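Take a look at this one chain, the form predicted alone, written out in C-alpha cells.
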C-alpha cells in the first residue's frame, strides 16, 4: 500500500505498510529530515536482514504485532484462543488511513480541519498530530485488528491495538501487547522499582539476550511500577546519550517488556496484564489495549522528560491556574478531629501563605482509627455536630480553598456498608481476600455498588458549599480480585475511570489528587482524570530527593505533590532542618504536611519566607524545563528548572552524605544560553545551610554572587561550599544585559 515517514519535533517514524502482512516500523528515533519519496523504498530495503543458515528461507520482520506466522520466535504480540483453536494468527493488511491533524486553534495559531492524505510514499511533516489507523484481518481465525498510531507535535508516539471477534464463538484474549523496535546501539536498560515510602528507585543493567519483563500484579499501578522502561546507548545519563522509552498507561495490572533476540531484533512494549478468563470476547465484541506511550531523545533522560512534560502541559485538562500551596492536616491531628484545633491550624496556615487547606482522614462515621468506617461516607455527627460547613467557612474566610480526603474504593469490615452489602466486594468465590490495613475492596463493576458510591460522593460535594479538592486515596493492593466469579481487575479499573469521569462532569471545578498510599497509582491514564499525584507517603526530605527526581522523569513538577514535613519524619525518624526540607519541597506542587500550630514564631517566619519564595518562583517552576545534573560524586545531587527563553533559572544542590573527597568538585549548571551572561547567587533573606569550612568559595562570599557566561556555567560550573550532609544550597540564576 504505502511507506510513510512521519516527522514531529525531533522524531521520525518510518512505517512500511506495503503489505501483504502487518506494517513494520522501519525507524523510530532521531529526525531523518525531509526525505524524497523515491528514497523511502531504498531506506526500507536497506534495513531488511539477510537470510542466514539454519533460519527461515525469507527474511523475518518484526511487525506492529509480532506473529509466529511471520517467523517471530519471541514473545507473541497476541496470545489467545477459541476453545483451543485459532491460537495463531496471520493478519493481512486490509486498509490504511492517515490523517494529518492541523494544530488546535487554541494552542497554535492558524489551526484548521484535519486533512486526509494518501499515496504510495508519503513524507508527513506538520505542526499538528499525525494519526495512522491500520486495519488488518485474519478471516481464518475470525479476528480483526485495528492499530492506532499517533505522533503528536512534541514527538511523543502513542500506540494502541483493538481486537474484534468476528467469529461465531467467544474468543479469549490472554495477551495483546503493542511493541516498537529499538536499534542495536541501545545496549543498556534502566527502569524503576520500589516499595511504600521508597518509590521510584532506579536500576540499570546491560540489555542481554532474552526478555526483561516487568509485571505489575497489584490491581493498581504499584509502588514498584516502572514509570518508564528506558533503553539507551552505553553510559546514557540525564544530559547525554540516545535513549528510547515506553510507558504503559494503565492503572490496573500491566506488563512492560524489553526483548532482544539472537536473530537481531530488539523491542520495547507494554500492555495490560490479563488473568486467565478475564477478557473473553463475545461474537462482535472488541478489546482495546491501554495506550503505550513511546518517546525518543538524543539528549539523554532530560530529553525524554522534555517531550513528556511538553505533551502533558499541552493537554486541554492540564491545570492552568497557579497551583495552590497546600496544607494537609494529617500529620498534625491524625484522627483527633476537634473544630477549635482545626480552626487554629487554618489561622496559622493563612499566616504563612497557604492557599489550600485539606482535611484528611477521620471526618466520616465511625472513623476514629483505621480499622472502621471506610464506606460510610456521611459526616460523623458525634465529632462534627454542626457538620463540616463551619470549618469550610472558616477556611474560606481566610481566602483559602478547602479540600477533603476520601478513599472511595475501599471498605472496612467494621462498617455499616460492609454489614449491609457483603456481596459488594471483590473476592474469589467462597472466601474473602486477606485484609490489608483492615480493609477490603468494593466491586465497582457491581452496578449497585457503583451507584451507591457515586451517589454518596456526589452528595458530599453537593451538600457542602466550598469543597474544591478531593485527596483520593487507595491504600491496598487488589488481591484475589474477583467479580461474579471471574477475574475482576480489568472491570474494576474501567469502573474507577468511569466514576472519576462522571464526578468530573458533575463537579468540573473540583480538583482530584491521585494518592494511593503514596505513589502507587502514578500513570498517564489516571492523570487523564486527576490533577496531581502524591509521590510518596514519605516526607523525609532525603528520601524525597530521589523519589521526586525519578517521578519527574515522567511528570512535570506541577503535577507532583511536594510538601514540607515535620522536623522529625514520622516514617524514617530522621531529623532535618527547615532549609533542607524546604528546598526539597520547593520543586513541585508545594505544600506543608506538618503541625505548624506548635512551632515558634521564628519558624513561622522562616516558613512564610519559603512559601513566599515558592510563589515568586512558581511560574518558572511550573512552566520551565527540568534539568538534572550528572555529577561525578554520588554524595551530591543537583537539579533545576530553566525558563524556556533561558532568561531565568533556579537550581538546588544537595549533599546527601559524606564524600570520599574532602570538597566535592564543581557543579555544572546545564540548560542555560551559552551566548548570554548570568548572575548566580542564593535568594536573599533565607538562612544559610550548614557548612564545614573555614572560608566559603570566593564567588559565594560576595553579596552579588558571580556573573559568568552560560557556556562557562555549563562546562566549568561553580565550586560548591563544603555542605554538611543533608544540607542544600539554592541558587537563583538571572540573565544580565
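Note that this is a predicted model, so its numbers are computed, not measured. Numbering follows the first chain given and starts at 1.
This next part talks about the form predicted in complex with a small molecule, which is not shown.
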| item | value |
| --- | --- |
| In the predicted complex, residue 518 touching the small molecule (heavy atom, 4.5 Å) | yes |
| Contact test in the predicted complex: residue 534 vs the small molecule, heavy atoms, 4.5 Å | yes |
| 4.5 Å heavy atom contact, residue 361 to the small molecule in the predicted complex | yes |
| is_contact(residue 576, the small molecule) in the predicted complex, heavy atom dist at most 4.5 Å | no |
| Which of 177-185, 353-361, 579-587, 247-255 lines the interface with the small molecule in the predicted complex (heavy atom within 4.5 Å) | 353-361 |
| Sole residue of 144, 310, 475, 479 within 4.5 Å of the small molecule in the predicted complex, by heavy atom | 475 |
| Interface residue in the predicted complex among 471, 614, 490, 655, criterion: non-hydrogen atom within 4.5 angstroms of the small molecule | 471 |
| All of 87, 161 and 171 with a heavy atom within 4.5 Å of the small molecule in the predicted complex | no |
